[in-house]
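Next up: a single chain in structure tokens, the form predicted on its own.
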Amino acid sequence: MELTVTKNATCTFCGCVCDDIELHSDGERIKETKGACILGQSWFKNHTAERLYPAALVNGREATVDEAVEAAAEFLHAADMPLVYGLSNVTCEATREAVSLAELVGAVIDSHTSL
């Protein structure tokens, strides 16, 4: 099977956000990493692209992504004090978007490090 090569992949596992990693995948699993530390290698190789769940769930039912976004918007609009939480394994770009969303809806931001 031919492997797909992804260059300049970003690892968010430990927080160093290394962004010069090369990944070789077969469409379902990452088979080889180049430039990743031992933690990054383990993180990439133990995550798969297999689809165990639908793209979205709303009230426990399968939904389209558009339906899920609409439901999330309704929850955020109705919330008294929304919380944006986590962000420990996301990219800088995703964090930037989460902060923008939090500012837009007046949310509180917290990370797993507060524990």
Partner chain sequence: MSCTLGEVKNRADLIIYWGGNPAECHPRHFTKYTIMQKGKYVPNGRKGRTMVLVDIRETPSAKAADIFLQVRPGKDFEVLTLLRAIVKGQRIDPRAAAETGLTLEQLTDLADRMKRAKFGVLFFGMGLSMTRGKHMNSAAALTLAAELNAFTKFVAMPMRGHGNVTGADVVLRYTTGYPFGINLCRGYPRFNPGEFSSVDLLVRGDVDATLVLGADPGATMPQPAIDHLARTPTIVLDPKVTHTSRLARVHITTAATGITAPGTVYRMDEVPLPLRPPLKGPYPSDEEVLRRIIAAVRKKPAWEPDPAGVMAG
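Throughout, rigid core stands for the largest set of C-alpha atoms superposing within 1.5 Å between the two forms. Remember, it's a predicted structure, so these values are computed and weren't measured experimentally. Positions refer to the first chain, counted from 1.
What comes next is about the form predicted in complex with the partner chain, which does not appear here.
Student: Is there a heavy atom of M1 lying 4.5 Å or less from a heavy atom of the partner chain in the predicted bound form?
Tutor: The answer is no: M1 has no heavy atom within 4.5 Å of the partner chain.
Student: Along 85 to 110, which positions have a non-hydrogen atom within 4.5 Å of the partner chain in the predicted bound form?
Tutor: Contacting residues: Y85, G86, L87, S88, N89, V90, T91, C92, E93, A94, T95, R96, E97, A98, V99, S100, L101, A102, E103, L104, V105, G106, A107, V108, I109, D110.
Student: Please say whether, between this form and the one not shown, the C-alpha of E93 moves by 2 Å or more once the core is aligned.
Tutor: No: E93 shifts by under 2 Å between this form and the one not shown.
Student: Is it true that D20 shifts between this form and the one not shown by 2 Å or more at the Cα, once the core is aligned?
Tutor: Yes, the C-alpha position differs by at least 2 Å between this form and the one not shown.
Student: Does L83 move appreciably between this form and the one not shown, meaning a CA displacement of 2 Å or more on the superposed rigid core?
Tutor: L83 C-alpha, core-superposed: shift of less than 2 Å.
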